[in-house]
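The chain below stands alone and is given in C-alpha cells; this is the form predicted on its own.
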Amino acid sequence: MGLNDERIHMSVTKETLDQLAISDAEYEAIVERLGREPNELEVGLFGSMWSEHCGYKHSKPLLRLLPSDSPRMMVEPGAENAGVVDIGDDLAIVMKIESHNHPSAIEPYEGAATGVGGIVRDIFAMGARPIALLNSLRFGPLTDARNRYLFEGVVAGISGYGNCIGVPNVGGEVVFSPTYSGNPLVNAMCVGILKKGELVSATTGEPGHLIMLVGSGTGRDGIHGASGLASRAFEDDRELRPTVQVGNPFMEKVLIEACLEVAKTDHFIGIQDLGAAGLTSASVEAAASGNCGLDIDVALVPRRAEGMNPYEVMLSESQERMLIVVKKGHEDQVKAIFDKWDLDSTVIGTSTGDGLARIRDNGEVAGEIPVTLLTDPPLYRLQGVKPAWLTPLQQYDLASVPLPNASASEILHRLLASPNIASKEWVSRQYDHQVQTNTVVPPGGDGAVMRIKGTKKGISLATDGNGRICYLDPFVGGMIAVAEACRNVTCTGAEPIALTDCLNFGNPEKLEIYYQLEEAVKGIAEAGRALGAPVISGNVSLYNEAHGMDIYPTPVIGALGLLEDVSRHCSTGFLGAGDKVVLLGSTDLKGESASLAGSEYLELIHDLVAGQPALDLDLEVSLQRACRRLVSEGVAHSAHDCSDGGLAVTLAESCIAGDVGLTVNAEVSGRWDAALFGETQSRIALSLSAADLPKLERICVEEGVPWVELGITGGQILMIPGLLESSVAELRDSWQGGLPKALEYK
C-alpha cells in the first residue's frame, strides 16, 4: 500500500522525504522496523544512513563479487575507512579512492577541494601518514564555456587544498567527452603509510568511553549532501548550493599532525572522520563497529552558525572534523594534545551498552533509534537488462569504416593534440609532486614511483578507466580498467598488489544502468583475480546524470604496485640512441579493423563510438609478468603501455619523453590506420640494448609472450617508412600545446 499524505504529515513532510531520497516503501519499512512513526530528526538519521552514499543499497550485493583475498590484506574491505596491505619491513600501505562528483558540478573549486580533504581524513583516521594523492577526472568538451569553468575550477580546488596540506599529487588522468557535460567526475585517491602495529580502527570499543569532537565548528554547509546530492540525480544546481561544503586546508594540515600524535598514545579507542552524513555516520558507524550504542548531546557540539537545531547538527557535513573515542579518564591528556595544536576539542557524549543511538538536545532526548536499524538499509538486487541499442553498436562492421583522407602523420598530430591524449602538464604543474621528497618518477608517465624511506622498497601508483570502452561492453570495460591500471604500474617494474575502485554510474534504478554496473563489477572481479590484485577499498557514485542524460559507465581503478628495489624501475621515455625497440604482446604490425573498437582515433577522426572491445586475460597476465622480469633483471631501458591512440601515439610519447627519434623497420600490413591507431590491449613498447635481445627472447619464451622487433632509436625523427615521418620537436609541439589551445577556445 502506498504512503498517503495524511500519514506523512503525522510526523514528517513529503518534502523532507524527497530531500532525503527516502521512497514510500522505505518509509513504510522504517515505521515497521521502528514500531512507531519516527520524528523529523530520526527520519534524517535514516535518510543519511540509508542513502546510496552510506548504505550502498544498490551496490553492496554486487560488491561482494569483488576479489578480496590476499595474504597481504590487513582489514576486510568496507570494515574500516580505507584498505590496508602489508608491504613488508613492518610497514603497510593504506589507500582509498572516493568521488565528489555532484558537489564539483555545483561549486567546482570547493567540491574538488573538499573531496581531497575527505579522502585524506579517511587515511590519517587509520593512523597512517598521507604520502600521495592521485585523481581521475572527467569533463565535457572544452569547446563549451561551462565545461572549461568546471575543469579549471576543479584543478584549482585540488591543487589549492593538496598543496596546502603538504601531500604530493603524483598522478592521475583527465578525460573529456560530451557524456560528462553537466556531470563531471572528480575522483580523489589518497595513499598513506604506517607501521603495522599502529593501525587505528573506527570504533567506540566497549561501553563507557567518551565521544570527542575535534576540529572545525559545525555549520549548515553540506546538509543532505549524502542523501540529497549523492543519492539522486539533479537538474538545477541552484537549490543544491548549500549542500556543498567549504574546506579549510590549513586546519586539515594541523588535524593530520594532531590526530597522528594522538594515535601513538594509549589514551584513545578509535578515530573516525566526519565525511558523508557528518556526525550521524561517524558516530553510528563507530558504535556499530563496537557493538555499542551511543548517547550524544548536540547542545555540546561547537557551532559556527546560530540557531541550529538537532537535525541540522547531526546532518551537517562541515569539513575538517574528527571523532575521537577517548578512554574514560583520559580526556584531559587527549585534550592537551589538541590544545597544543590549537584545535577545539569537546566531549559530546559516551558509548553505551543498550545498542541505541540516542540524540539529546540540552539533556532532553530528541531522537532514539537502535544502531542496528540505522546500519541495515534495504538492499536491492535487480535483474539488469542489456540495452537494446548495445548489440547493434557491438556488431557494427568496422571494416566498412573508410580509410581517412588525411595522412598518418596528420592524424598522429591530431591525436597528440586531442585533450584526451595531449600532455596534462597544464594540470600537473599546478600540483606539488615533490613535497615530502619521496617522488622518484613524477606525473606524466604510466605510473608514479615513490620511495619508501628507510628501506630499498618503492611503490608505484596509477589510476585508469575508460568510459567509452565500458559503454560498448561494461564487462570487458571493467576488465580493461583493471588490466590497464595494473599494466601502468607494471611498466614501472612494480608488481600490482592491491586495487581501489570508484564506480561512477547513472541511475541504478534504471535496469539498463544496473546492467552496466553489474557487468562492470563482474569484469573488475575477473581481472582482479587473474592479476592477483584484490580490491581492498573503494566508493560507489551513482545517479550521475544531468539534463536526462546518463554518463558513460565509468569504473575508475586505482592500482598499487610494489617494487622490492626502487632503484630498479622504468619510465616511459627512450633513454638515447642505439637502443632496440620491441612491442611485447604481438608478433606483427598487422592492422585489423576490430582493434578500432572504442578507440580515440575512431571517435576523433570518424565521429564514431562503436565496435566490440576485447581482452585476452591470459595474455595480459603473462605480458605483465614478463615486463616486470625485464625491468627487475635490468634488461628494459624504458617501458610504455600501449593504450589510448594506439601504437603510433605510444611511440611518439616515448620519443618526446626521451627527446630521441625512432625508425621503425617492422612491416605494417592490413589497415594502416588500425595498425598505427588501433587500441588492441595487452601490448607494451619496450626499449633495450641490442646485446640484451637474447635475454628478452628467453624471458618472453618462458612466459609465453609474443613480441616483435620494431626498430632502433636515434636522430630526431619518428619514422615509419612509407607511412609516417615527423620530427620529435613537431610531435612535442602538438602534444604539449593540445590542452592549452583547447582552453583558449572562444
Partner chain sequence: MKFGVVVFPGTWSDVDCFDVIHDVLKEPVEYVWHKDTDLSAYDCIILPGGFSYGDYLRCGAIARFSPVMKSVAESVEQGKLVIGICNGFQILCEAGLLPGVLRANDHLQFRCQWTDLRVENQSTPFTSTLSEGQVISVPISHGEGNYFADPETLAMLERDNRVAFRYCGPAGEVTSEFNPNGSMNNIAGITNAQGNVLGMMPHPERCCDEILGGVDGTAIFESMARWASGDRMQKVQETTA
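Numbering follows the first chain given and starts at 1. Keep in mind that this is a model prediction, so the values were computed, not measured.
Although not depicted, the form predicted in complex with the partner chain is the subject of the following passage.
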property	result
Interface stretch in the model of the complex with the partner chain - options 131-139, 250-258, 505-513, 365-373, non-hydrogen atom within 4.5 Å	250-258
Position in contact with the partner chain when the complex is considered in the model of the complex, options Val440, Val347, Leu619, Ala594, heavy atoms within 4.5 Å	Val440
Answer option from Phe574, Phe176, Tyr431, Tyr311, heavy atom within 4.5 Å of the partner chain in the model of the complex	Tyr431
4.5 angstroms heavy atom contact with the partner chain in the model of the complex for Gly166	yes
Interface membership of Arg381, the partner chain in the model of the complex, 4.5 Å heavy atom rule	no
Val435: touches the partner chain in the model of the complex, heavy atom cutoff 4.5 angstroms	yes
Contact flag, Arg304 vs the partner chain in the model of the complex, heavy atom cut 4.5 Å	no
Stretch 304-342: residues contacting the partner chain in the model of the complex, 4.5 Å heavy atom cut-off	Asp339, Lys340, Trp341, Asp342
